[in-house]
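Only one chain is included here, represented as structure tokens and corresponding to the form predicted on its own.
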């Protein structure tokens, strides 16, 4: 017995409607991924994109490369520290802006400034602030008596790593503020009123009401910001260039150096694929832990 002709027409219409999305997904996701996997199996000279097949040779090189492991450690350190500061300061700022404070609308607008300003402009300002000869940071610390000699913020360790972490947290924490503030405005006031009647203090209300209500949005925020921070390139490249030497070099900077500095597109592709595998493993682990916590919190 043949199927309903109307159902067939609906199936064809559905396939036609979803086809552009599938084509775009293949163009921007599948093709670059397959190309990176393919190139990572060759020694590719970047200017000509020609080379010879070496199989897993690039990956074997990375496993035995101290530079790769140092870059991986720098990437994880940058991501964890920057993300932690973003979450802490973002949630704190959102809680403050949720209160009935003076000039609340103006404060909400100004706090988004770091996120919307160009990365190049922000880096130029911060490089001026961090300058060891005429920078404002050293000037203020010298006046306060905190230091006796100007500090080299971007040219020595651990100052360089601390500097890029602070700048990254400042640049991207408004994203957390936007997401958390939007969720705070949907929490019913009756929950807080009932908690006050029961004698719960401010900290108890935050732990027992606010945090559980923010759990879902924080899962999404942490997931997105972790992905974006892990692959951050322009801010770190413009601030330190990965220096001093490779002390602040992350995996995206290593990809750039291998591809366009050493003209080895095959090795750069292997680093990029390794980045994807690391991020994929951490994201799967994080989602499992988040899902387990959500199931345990349900009655």
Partner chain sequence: MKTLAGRIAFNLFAWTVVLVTAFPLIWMILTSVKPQFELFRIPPTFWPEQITFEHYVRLIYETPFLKYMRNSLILGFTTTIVVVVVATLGAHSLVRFRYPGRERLAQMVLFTYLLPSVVLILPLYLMMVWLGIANTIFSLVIAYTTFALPYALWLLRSFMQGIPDDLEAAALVDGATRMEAFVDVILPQALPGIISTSLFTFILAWNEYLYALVLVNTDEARPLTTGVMSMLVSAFNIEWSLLMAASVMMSLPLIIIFAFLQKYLTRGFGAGGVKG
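Here the structure is a predicted model, which is why all the values come from computation and not from measurement. Residue numbers count along the first chain shown, from 1. Whichever C-alpha set is largest while still superposing within 1.5 Å between the two forms counts as the rigid core.
Another form, the form predicted together with its partner chain, is not on view; read the next lines as being about it.
Using a 4.5 Å cut on heavy atoms, which of 187, 81, 226, 111 is close to its partner chain in the predicted bound form? The residue in contact is 111.
May I ask you to choose, among 207, 144, 125, 194, the residue with a heavy atom within 4.5 Å of its partner chain in the predicted bound form? By the 4.5 Å criterion, the partner-contacting residue is 125.
I'd like to know if residue 173 sits close to its partner chain in the predicted bound form, meaning any non-hydrogen atom pair within 4.5 angstroms. Residue-level check for residue 173: yes, a contact with its partner chain.
Distance check, residue 35 to its partner chain in the predicted bound form, heavy atom within 4.5 Å: Answer yes; at least one heavy atom of residue 35 falls within 4.5 Å of its partner chain in the predicted bound form.
Does its partner chain come within 4.5 Å of any heavy atom of residue 231 in the predicted bound form? Close contact exists here: in the predicted bound form, residue 231 approaches its partner chain to within 4.5 Å, heavy atoms only.
Even though its partner chain is not shown here, does residue 160 get within 4.5 Å of it in the predicted bound form, heavy atoms only? No, residue 160 sits far enough from its partner chain in the predicted bound form that none of its heavy atoms falls within 4.5 Å.
Output the sequence-ordered list of residues from 136-152 with at least one heavy atom within 4.5 Å of its partner chain in the predicted bound form. Result: 136, 139.
Residue 48 C-alpha shift between this form and the one not shown of 2 Å or more, rigid core reference: The answer is yes; the displacement is at least 2 Å.
If you line up the core, does residue 63 shift 2 angstroms or more at its C-alpha between this form and the one not shown? No, shifts by less than 2 Å.
How about residue 27 - superposed on the rigid core, does its CA move between this form and the one not shown by 2 Å or more? After core superposition, the displacement of the residue 27 C-alpha between this form and the one not shown reaches the 2 Å mark, so yes.
Cα distance between residue 286 and residue 115, which in the predicted bound form differs by 3 Å or more from this form, closer or farther: Relative to the shown form, the pair is closer.
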